[in-house]
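Quick setup: one chain, the form predicted alone, written in structure tokens, and binding and motion questions come after.
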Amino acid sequence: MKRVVHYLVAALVVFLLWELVSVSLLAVRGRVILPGPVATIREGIQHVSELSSAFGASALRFSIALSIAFFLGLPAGLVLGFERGLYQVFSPLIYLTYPIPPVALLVFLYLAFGVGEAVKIVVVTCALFFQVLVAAQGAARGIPRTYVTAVRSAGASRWQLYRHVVVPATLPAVLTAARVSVGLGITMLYVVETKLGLVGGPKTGLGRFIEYYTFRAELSLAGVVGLSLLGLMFYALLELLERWLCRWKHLGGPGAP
């Protein structure tokens, strides 16, 4: 409840600043440049069915992309970071491909996956995958070797070493990186929903909603608010997931503040 109150207070501050900027622009320019929060919310409520459908489509795409990124990026990052031989071989490849934005390869992705639903998920997945991969790899490399030596001296197998040392030691850092990367993922989601909405494929999602209502400022801005809420929702879900999976961190266990 305390966290919910913090979010509500933050939302109130954003709304007040939003209204202040809107009024200031109106006074300076003599016409509405940025619709205020009240007008935006009113328009959003009047088109709540269409807005909800767009929100649901974007949420589904993002959840699928995030799940795939974790399913592939977490084990790969842990193995590459913990196994020194693999790290030396593959780390140059990772650091060469990591900075490449997926949208720069859209033409090739079109050819590989078409212009339907799959390519949208692939682009967002690629952006999130490297965030998870690099975070897991860095966290695995930071595990003190004394921990590993102590567990191995107790007769632990390779699987037990990963289960009881590597995963618990790295999961908090990986989930924190995933929360930080939500903003990047939402940005990529908006890009593919607008770009691919112009060339074909399903014309759904908040990006397409914003693009479609470009000349109806209140409705377009309602879509932007929807993107913000979508990002907040996944940020909060990842925070709850961290508190559940890493309970020891919040209950005075190893590494707790």
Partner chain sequence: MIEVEGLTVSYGAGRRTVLALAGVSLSVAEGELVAVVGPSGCGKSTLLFTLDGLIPPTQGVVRIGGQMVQGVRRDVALILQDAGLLPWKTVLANAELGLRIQGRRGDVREVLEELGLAGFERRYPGELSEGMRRRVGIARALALNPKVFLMDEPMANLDSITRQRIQDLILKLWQGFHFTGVLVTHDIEEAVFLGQRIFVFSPRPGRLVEVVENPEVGTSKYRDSAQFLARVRHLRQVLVESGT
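These figures come from a predicted structure and were not determined experimentally. Numbering follows the first chain given and starts at 1.
We do not show the form predicted in complex with the partner chain, though everything after this point is about it.
Colleague: Just one of Pro101, Pro75, Gly138, Pro168 has a heavy atom within 4.5 angstroms of the partner chain in the predicted complex, so which one?
Modeller: Comparing distances to the partner chain in the predicted complex, the residue within 4.5 Å is Pro168.
Colleague: Heavy atom within 4.5 Å of the partner chain in the predicted complex: which of Ala112, Val180, Ala150, Leu96 fits that? Just give me the one.
Modeller: Looking at the other structure, the residue within range turns out to be Ala150.
Colleague: Heavy atoms within 4.5 Å of the partner chain in the predicted complex: does Ala154 have any?
Modeller: Heavy-atom contact with the partner chain at 4.5 Å: present for Ala154.
Colleague: With the partner left out of view, is Arg163 within 4.5 angstroms of the partner chain in the predicted complex by any non-hydrogen atom?
Modeller: Arg163: yes, in contact with the partner chain in the predicted complex.
Colleague: Is Thr146 close enough to touch the partner chain in the predicted complex, meaning at least one heavy atom pair within 4.5 Å?
Modeller: So Thr146 counts as contacting the partner chain.
Colleague: The partner chain isn't shown here, but in the predicted complex, which of 181-189, 104-112, 168-176, 80-88 has heavy atoms within 4.5 Å of it?
Modeller: The contacting stretch is 168-176.
Colleague: If you apply a 4.5 angstroms heavy atom cut-off, which residues in 5-34 are near the partner chain in the predicted complex?
Modeller: Contacting residues: none.
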